[in-house]
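Following this are structure 1 and structure 2, which are two forms of one protein chain, each written alone as structure tokens.
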Structure 1
């Protein structure tokens, strides 16, 4: 019965398409907007080191776990756990993932809206100053409005809804495959400009000379949360994408490649931002506005700056769009497969829900500025609750599932494509990680970072 139900699923059509789609999910606002500001807020180089550890020892194993579960079951985040463990409540992990997708989309579409708006502002010559006061004011005016940021958020939702309705292979694959290399190239250009600014060295040492006294438990939790958010793991996006991946794909290799490429993009974004932060006298801990106040000053200090700035925000918008497609795919695969909704109905209703919830995040800087949940604005609450709580929690259970529930012979068979690849040693190391290290490490960081236990 199940077999038949999933038999007709669409999938990614080529190996390069798969990598592009998975990388398209990983690379997004997380690299270009979040990585720099969270790094800036947590003290720079030492934070980056902790972050790299989190990616390698926690994020990567969880990513592989999800891809394996997804490809093995060929099902959505909830259906996958139901297929493997029909009699136990593991499917709740998938359910929490669907919830996380909604909450992330709620604030992600706010920021994506700002990026879309900046394409037009840059093109229209509205961002031409290099003075910190001017770029800060331009950003503040946008986000503290009501109609304008709401309009852009809804615009974003309509764009991704249209792509999603075009289907998996045709929509997602085509859009992401083309544009990743272009983003990379543009980041390289900005890096060169930023590095040749007078005083760039201070920014570089902020990024690469660690000061370990800055590491606290909440800094470690921030790094862990960022690793989850960055790699799109802990909420079933990689289960869902894994379900579209062909049996012959080398999953461990793909996961490693994606994590490396993704980290490179983040570091390049950091190199684009921090030398300029110090060269122009901004503060590294400016928070979520960092990207939007720094990038215009960098471009306005170089020839053809306006053209490049338009391109930059355009490519950032496209990267954000690739990430949002994978976020949306989680509830949509769930609704179409578990409840037999049509793709159209699932897309429209999901987008409507996100629009309603997301508008509270967008209005966090205006109408709802004083409304708080657990002491945070809606925007900050959605962000914190997902990155720093729900995704790590999801990660614990996904790792526990592969480490303790799933038969190890089956895990190894899935990992080696039924014995075609020789990666037994790697598989043993992976199983050891997800069995012990990953769940314990996440649990400790989570409990300490949330102040539930003290060392």
Structure 2
């Protein structure tokens, strides 16, 4: 029965579709928002070099592990582990991934709602000011409201839900094949504009001229954490997408392409932001407020700034959309396969659940501002529980599973497409990393995130 059910599953129809979908999952708000401000706070170019090394040694091996598990089993995050280890509780790792995706969507849709709202605010001239105090007030007014942020969160859920209901090929693949090239095009346009600003060279120097004195243990740890979280791993998304990939796809090559393209998007976002930030005298380590407070101020300081501000928030919304599609697909795949729900039913009930739970995150700056869970607002709690606990644990156990539990001969066969590809040395290096390097590195991220260790 299981084999018959999985045979009827949808899948990606082309290699380009696979790369677009997986890249859409990896590229998210983290590229446009988190990568620039973490880079700014940790010294620029030197941090980027450490980050790239961490991607190669940690992020990429976990991504490839998930893709291999998904493609080998042709199952959802929970079903994949049940298929590989039916008599052991490894399915809990997949269950944690489903839970993580659901909880991330609860607060991610809040931030995505702000981004969607800023497209219209920028286009409508509601963010026209060169003073940070004015853009700060506009942002605080949005997030401290009730009806407006809830409306935008539900708008986001309806958009994502409609795409997911269309299916893997006609929904996820078709949309990401359209959005990813558009994302690169918009970034390129803004990069060109940013580079033509007076004083842009200082921003480029900050981004690409390394000062190795900036590298500390805390910077390395920050790079490790960012490399792990930036590739959408530890939450079952890559297992789910991997299950839709054809058996003849070169997974190692595809994973490397996605990691490189994801890093390119982050660097292009940095080029879009830092030259402009320096050109108008702002600080590169402005933190999370960089996106909603500093960026509007920067764009308002340049000719045609309003147009470029609209384009910037449009590309940010595109990045968020690709990531949310993969997040929502994790519970949808689980519900349709484990409980035989229709895709429509699973999608409607899931977005309803996310909307109800996510409303507590959206209202964390207004109605529920004084309601806390372990001393944190709902928004901060969902963020902390996933980023600092569930995702690192998921990453560790996925690495341990592939490195120590899954038969290495089978791992190599899956990597080589049943012996069709010659990548024995690559497979050996991959197995070494997931056995020894990845679990230790992510454990450090976990312990630091829980404030158990300090540097």
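Each form is matched to the other, and the largest set of C-alpha atoms that superpose within 1.5 Å is called the rigid core. Given the structure is predicted, the values throughout are model-derived calculations rather than measurements. Numbering follows the first chain given and starts at 1.
Quick one: identify the form predicted in complex with ligand PHE, either 1 or 2. That would be structure 1, which is the form predicted in complex with ligand PHE.
My question is whether residue 34 is one of the residues whose C-alpha shifts by 2 Å or more between structures 1 and 2, given a fit on the rigid core. Yes, shifts by 2 Å or more.
Is it true that residue 214 shifts between structures 1 and 2 by 2 Å or more at the Cα, once the core is aligned? Shift of 2 Å or more: yes.
Has the Cα of residue 49 moved 2 Å or more between structures 1 and 2, judged after a core fit? Yes, shifts by 2 Å or more.
Core-aligned Cα shift of residue 273 between structures 1 and 2, given in Å: Reported C-alpha shift between structures 1 and 2: 3.5 Å at residue 273.
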